Each structure stands twice: as C-alpha cells, then as structure tokens.
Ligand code: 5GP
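What follows is a single chain, given as structure tokens, in the form predicted alone.
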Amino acid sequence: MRIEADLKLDFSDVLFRPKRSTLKSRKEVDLNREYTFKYSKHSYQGIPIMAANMDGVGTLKMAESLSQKGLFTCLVKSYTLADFKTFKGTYDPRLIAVSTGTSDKDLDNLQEILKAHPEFHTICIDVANGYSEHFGDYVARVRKLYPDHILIAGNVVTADMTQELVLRGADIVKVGIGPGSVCTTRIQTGVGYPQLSAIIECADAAHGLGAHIIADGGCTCPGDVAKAFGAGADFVMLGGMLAGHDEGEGQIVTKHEFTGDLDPQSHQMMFEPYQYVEFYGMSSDTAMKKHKGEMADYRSSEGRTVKIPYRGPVLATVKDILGGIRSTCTYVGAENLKSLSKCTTFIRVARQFNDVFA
C-alpha cells in the first residue's frame, strides 16, 4: 500500500483568473477547432463538444440536431444496423462515432454497421475500466482491422494508461472514472480521480505522443466545460447536461406536485404539472435490465436512475453552453478555443459561487 499526497483537483476546486483582453465582444470568439489524428490521419473540424454514448443522449436524433452546430455525437453501443435503416432523419457522418464494447458480439455488430455505412470514420471503444490487459489488446485488434478510422478508447484517468492506449492504436483517449452525474463507481468501488487533475495529466501524456483526449464526465454547468478546455482537453463529452431533451427520445412523464399552497377559495391543496424524463447511468441496474435482460449476480450497480426535468429541444441548451465558453474566453483574453488553455491560470478556491438563492 502507498499513498500519493500530491494535491488533485476537481472542477469545483478552481476558478479562472481573469486577464486583460483585447476582445470587444463574445461574438469575436471562435470555438471551432481543427485536428489531424495520429493514426488515421483524418482531419476533424467543428466545435469539440460531444454527446455521450448514453441512453437518452447518444441518439441519431441528437446527432441530427448537434451536427447543425458542428457538435459531435458518440452513439449508444446498443445501436444495430436495423436502427440506422429505420432512422428517417439526416446527420453528418463526420460528426458521429459508432460505439462498441469489447465482446465478440460487440465486434460483430461494429463490423456489420461499418460495412453497410463506410461513411462513418470514427469508432468509440467504451468500457468503464480501461486498465485491463484485455481492453488494450482489443484496442490494438480494432486498430489492425480499421487502420484508417479515428479510434477513441477509454476510460482511464492516469498518464501511464493514456500513453499505453495511444501506443496500442488510440487516436483519442477518453478520460474520466466516476465523475458523472449518474455514476456511482466511486461509491461502490472507492475508485476514481478528481477530473480536473485527470484532464491535465492525461492531456499532457497524450499530446506528447501526438494524440488527443476527451474529458468525459463531471461537467455540471458551462463554466465546467470551459475549465475542461482550459485544463487541456481537446474534446469535452457531456451526458447529464444534454439529457432530458426531445432528441434523447426518452419518455416524457407528467406528474402533479403539491405547490405548498392552498387554493384561497376552496382551501384545497394546489398542484402544478411537472414533466420529467428518466435518466440513468450505463452501469445502472436500469441499463443492465434494458440491454442485458438482468443484472448479473457477480456485479453490483454502478449507476443511479434519476428523474430530470423535461427540457425541450437541445439547441437552446447548446446555445447556453457555447455562450458561457465564449464569455470565459473574453475574461481570459483568448480569441479562440485553441488559445484558451494557453491563457488559463486557475486559482484554488474554497467556494465557487454564492448559492443563497440556488
């Protein structure tokens, strides 16, 4: 047993230090990035925010909406070829990743989709624990099968495994264990890593090898997304912040909740309609029962199921997120997203904001 005493930080532990700026308006800030990837040599251009490959978020309908603004979508792993055949909308295949697990069945499904849809150039190999030797071998196997595809692999939180996955063939490494809003891995296992420090350390490791990273999880507001970019993330993946929208295709449920008041005339309790959508982690018993039929008796749930307010079309939320990031850039003097990390100085804080009316 050993203890690392070095300070590790989360989003809530820091704020940006404002700096002099020549920018006159948020309109002047360019949030587009352009990357060329290490192995595939494909280029990417867009706003590097990703919808997570979670039920209620990583849908084709979400991809259709987000691609209008140049944002990326990692599709849920449960999609099959039939789902693509029945989808009637339009999307930009350059802004979509086909997701897969690491079983033989997962690989068969991936190959079937990519054979029918050669326009998809990005593969997301997604597991909760990217530290197993099996996972590294699988990444290398997929790289050999698809040498010209952009390969995302994760999740990990340390520099050594970031480097290992890059050396095994990953163009992009997904960073984050336990920070998500509906993830209970840290409660169930005691395993994790403060997300801001994980981003800083893994970005440094990946960039040293000519690769990229995704900050996956832990963002609760636009300021957190900006902090992830400031810490060196090339992409930021969002789950909870993009959940509860029409494009997630979850069932909208209406409940009537007591307002706390009585009708002044009848003196009866007053109720107001409240619309919500169910949202759950992909290692929760809800997800396991949906996709596997049951929760295996050798494991426990590492995700929670929650009711979140129904939020309508997603592009209103996207506008709010992008507006927040542009504002961050004006505060620190970054004229584009590429220069944000160079302009970033974080200060440690004990309190992030005044929550008296929150």
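Residue positions are given as counts along the sequence shown, with the first one as 1. Owing to the predicted nature of the structure, the values given are computational and were not obtained by experimental measurement.
One more form of this protein, predicted in complex with ligand 5GP, exists but is not displayed; see below.
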TODO: Only one of 102, 163, 111, 181 comes within 4.5 Å of ligand 5GP in the predicted complex by heavy atoms, so just point that one out.
DONE: 181
TODO: Give a yes or no for residue 198: in the predicted complex, does one of its heavy atoms lie within 4.5 Å of a heavy atom belonging to ligand 5GP?
DONE: no
Open item on the list: Using a 4.5 angstroms cut-off on non-hydrogen atoms, would residue 284 count as touching ligand 5GP in the predicted complex?
Closed with: yes
- [ ] Indicate whether residue 230 is a 4.5 Å heavy atom neighbour of ligand 5GP in the predicted complex.
- [x] no
Task: Partner proximity in the predicted complex: residue 248 to ligand 5GP, non-hydrogen atom cutoff 4.5 Å - done: no
TODO: Please name which of the stretches 48-56, 310-318, 65-73, 28-36 has residues with heavy atoms lying within 4.5 Å of ligand 5GP in the predicted complex.
DONE: 48-56
Open item on the list: Checking a candidate spot here: are 40, 136 and 149 all in contact with ligand 5GP in the predicted complex (at least one heavy atom each within 4.5 Å)?
Closed with: no
TODO: Sequence order please: the residues of 202-222 with a heavy atom within 4.5 Å of ligand 5GP in the predicted complex.
DONE: 216, 217, 218, 219
